[in-house]
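Next up: just one chain, as structure tokens, the form predicted alone.
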Amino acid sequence: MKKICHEWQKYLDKGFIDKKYWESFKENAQAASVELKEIKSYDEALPIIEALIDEVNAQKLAGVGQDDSKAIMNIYHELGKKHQIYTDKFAITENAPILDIGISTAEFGVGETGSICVDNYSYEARLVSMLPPINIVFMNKNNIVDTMTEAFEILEQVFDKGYTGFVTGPSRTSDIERVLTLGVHGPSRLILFAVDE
């Protein structure tokens, strides 16, 4: 999968990340309606995803990020035994309008806003994170920076061309009579697996 950088960790490790920012990230992410799941390993995510699939009666799933993570590849392999999950970019593109759940990854979180930074240079990554009503995201729990200023200092080092962005909770708007509505322009649920590995 095309990314703006395949070595994010190398740049994050240059003094930007710290576990002490986790609590502020957690508080702000939950305030932004992120459904946060703290897990010790990727294996713990599988039964939670299976329960979610049953809860919403999901029929079609798509996922990205397996090229950079064997653990995510294994999750897709296990989900594929019972469910239709698309991981090929052409299959994702063809089925994008009918996807129920998209699974993607985030590079790091920002403590002061509860935002996650996503490297969505590839078209398929943008599709799975923006079109399905539910977006599941995997992120290393230890990759938290303090402020947006530090986040942009990291981006300055890794960015050459492409697309990246910050996501703060599910899609929302209050355009009509100031009534908050989730899921108007994108997923109505953002489920973040913070993996402590």
Partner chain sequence: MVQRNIKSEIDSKLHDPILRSNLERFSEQYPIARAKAYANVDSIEDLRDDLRDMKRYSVAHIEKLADEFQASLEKRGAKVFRAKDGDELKEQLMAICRENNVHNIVKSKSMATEEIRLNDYLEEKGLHVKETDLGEWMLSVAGQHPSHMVMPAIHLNRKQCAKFFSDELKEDIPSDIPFMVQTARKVMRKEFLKADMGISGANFGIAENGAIGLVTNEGNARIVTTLPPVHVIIIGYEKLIPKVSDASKIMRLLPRNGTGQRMVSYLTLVDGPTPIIHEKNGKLIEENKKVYAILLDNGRLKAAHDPVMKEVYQCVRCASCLNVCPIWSTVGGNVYGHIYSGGIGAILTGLLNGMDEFAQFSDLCIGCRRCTTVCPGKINIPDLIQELRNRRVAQKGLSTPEKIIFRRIMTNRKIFHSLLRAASLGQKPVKSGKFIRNLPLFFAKMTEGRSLPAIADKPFRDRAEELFKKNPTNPKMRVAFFSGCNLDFVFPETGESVVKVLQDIGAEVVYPQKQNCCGKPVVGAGDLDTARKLAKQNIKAMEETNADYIVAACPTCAETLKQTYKELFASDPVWLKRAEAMSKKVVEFTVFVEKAYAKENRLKDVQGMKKITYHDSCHMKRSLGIYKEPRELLNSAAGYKFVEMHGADQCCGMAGSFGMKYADLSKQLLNRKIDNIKQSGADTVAVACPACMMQIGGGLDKNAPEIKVKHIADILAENLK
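Everything numeric here is computed off the predicted structure, so don't read it as measured data. Residue numbers count along the first chain shown, from 1.
Below: the form predicted together with the partner chain, not depicted.
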**Message:** Among the candidate stretches 136-144, 155-163, 41-49, 54-62, which one is within 4.5 Å of the partner chain in the predicted bound form when only heavy atoms are counted?
**Reply:** 155-163
**Message:** Residues W22, K70 and A106 are flagged as a possible site; in the predicted bound form, is every one of them within 4.5 Å of the partner chain by some non-hydrogen atom?
**Reply:** no
**Prompt:** Even though the partner chain is not shown here, does Q84 get within 4.5 Å of it in the predicted bound form, heavy atoms only?
**Reply:** no
**Asked** Looking at the partner-bound form in the predicted bound form, is S171 within 4.5 Å of the partner chain by any heavy atom?
**Response** yes
**Request:** Would you please decide whether K10 lies within 4.5 angstroms of the partner chain in the predicted bound form, comparing each non-hydrogen atom pair?
**Result:** no
**Item:** Contact label in the predicted bound form: T93 to the partner chain, heavy atom within 4.5 Å
**Value:** yes
**Asked** What residues in 85-115 sit within 4.5 Å of the partner chain in the predicted bound form, counting heavy atoms only?
**Response** K89, F90, T93, E94, P97, E112, T113, S115
